[in-house]
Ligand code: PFF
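Single chain ahead, by itself, as structure tokens, in the form predicted on its own.
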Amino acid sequence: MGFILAATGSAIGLGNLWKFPFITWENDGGAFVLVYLVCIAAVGLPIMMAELLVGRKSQKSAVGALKEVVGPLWGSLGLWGVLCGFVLLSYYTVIAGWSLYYFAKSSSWLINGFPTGTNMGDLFGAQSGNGALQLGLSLAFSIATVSVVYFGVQKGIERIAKLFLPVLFGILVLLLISALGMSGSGEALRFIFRPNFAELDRASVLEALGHSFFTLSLGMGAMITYGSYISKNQSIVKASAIIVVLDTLIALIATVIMFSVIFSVPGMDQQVSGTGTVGMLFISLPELFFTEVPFGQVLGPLFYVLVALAALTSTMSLLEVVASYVIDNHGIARNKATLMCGGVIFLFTILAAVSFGAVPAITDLQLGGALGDMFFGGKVGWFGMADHFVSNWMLPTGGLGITIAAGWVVSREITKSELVDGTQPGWFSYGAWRFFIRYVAPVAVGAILIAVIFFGRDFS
């Protein structure tokens, strides 16, 4: 249970509470959600099993696991995953810090009342452009992350996951009950779960495919690392299925909650469409909680506790990927490795934290030219460039490498012995898994890279 909650916590993050609701909104709901669920089952679940089996077979972190199970040269793929976790954590912490700010703000509004006439867009711009505030929030979240990983997997990560994940679920259920009582809940449910294939296009399918892969923390060695902690009497298949189902369920519940709030306020659907992913979570929702939602004064702070908990369960797994590499490959004690990795990553977090106006040179940083446009999508600022490179290049290439390794390089005997070991459920078919990991998953992940390279698609 500790492993499942820890791995589920790694998968559950801001993508569930932030990105999935927004891309569902932008892609007109129902049909997009159905395609997303198919992609989760056909691409996300097989790759999840592949990463976990590589980790358990070797009982090592990403680099050592791939070297031992796949081959010496494949250690570079594990190192690529470690680097991905390093870069992703450096800017993810900044977004996580925003949840602390909005929890503090919403708590003060609970006590003092919501100030009329507040422009939430201006408020967000002011806080994100305040360098000292951003550094303070990011540092606080970094300290919390390092503190958990410092104590190891069982005493740190699993203990926090066992405590925080049930709290997260409890808050979600409370918010869901409240949301279903709102006037717009029926319209929200129809929008999310009634397919309208006339609104579905190739871009929507690609978006669903991309997010089904990214949401599960695949392609960066996290699940390989967690897989190394699974004992031989635990089922990789069952664990993978539980993680995928819980991750998907939380994304859907969060979407129902947000859309019920939005559809309950006349004209709010038009306002949300122009705000982007940041706008939905940090501009539109805070004001709605305090001006339109029943008991929103209490639900608002709870919602941002939920966001913070989801972010923490992800940041601690990202740091574990980096720290476990240093521990396993360089023989450094966990306490020293964790502090060292956390400190070095925070140096890059500083660059991300001041990318919203605090330091013009960092805010306006841009690498131009053909290669700059290809790898960084023409994004301006350290934060935007790092996010684009991780989402569009590092994660897909890492995932494609895993599918090729598990499907074509690792022997059938090894993969079958790890998946068909007497613990697998009756619904599992090794032949079906092998087909999906060898043919479907590589083509799907390859399609993401093709869309990025040749059509300028942006999955960040």
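Residue numbers run from 1 along the displayed sequence. In this text the structure is predicted, and so the values were computed from the model without any measurement.
The protein also exists as the form predicted together with this ligand; that form is not presented, and the subsequent description refers to it.
Heavy atoms within 4.5 Å of this ligand in the model of the complex: which of the stretches 94 to 102, 139 to 147, 202 to 210, 220 to 228 has them? Flagged stretch: 220 to 228.
Ser240, Ser317, Thr338, Ser260 - the one with a heavy atom within 4.5 Å of this ligand in the model of the complex: Contact with this ligand in the model of the complex is made by Ser317 alone.
Is Phe346 close enough to this ligand in the model of the complex to count, meaning some heavy atom within 4.5 Å? No - in the model of the complex, heavy atoms of Phe346 and this ligand never come within 4.5 Å of each other.
So, Thr215 and this ligand: in the model of the complex, are they within 4.5 Å at any heavy atom pair? Flag for Thr215 set to yes.
Although this ligand is absent from this view, report whether Leu88 comes within 4.5 Å of it in the model of the complex, heavy atoms only. Leu88: yes, in contact with this ligand in the model of the complex.
With the partner left out here, check for me: in the model of the complex, does some heavy atom of Pro21 sit within 4.5 Å of this ligand? No, Pro21 sits far enough from this ligand in the model of the complex that none of its heavy atoms falls within 4.5 Å.
In the model of the complex, residues of 121 to 143 near this ligand [heavy atom within 4.5 Å]: Stretch hits: zero.
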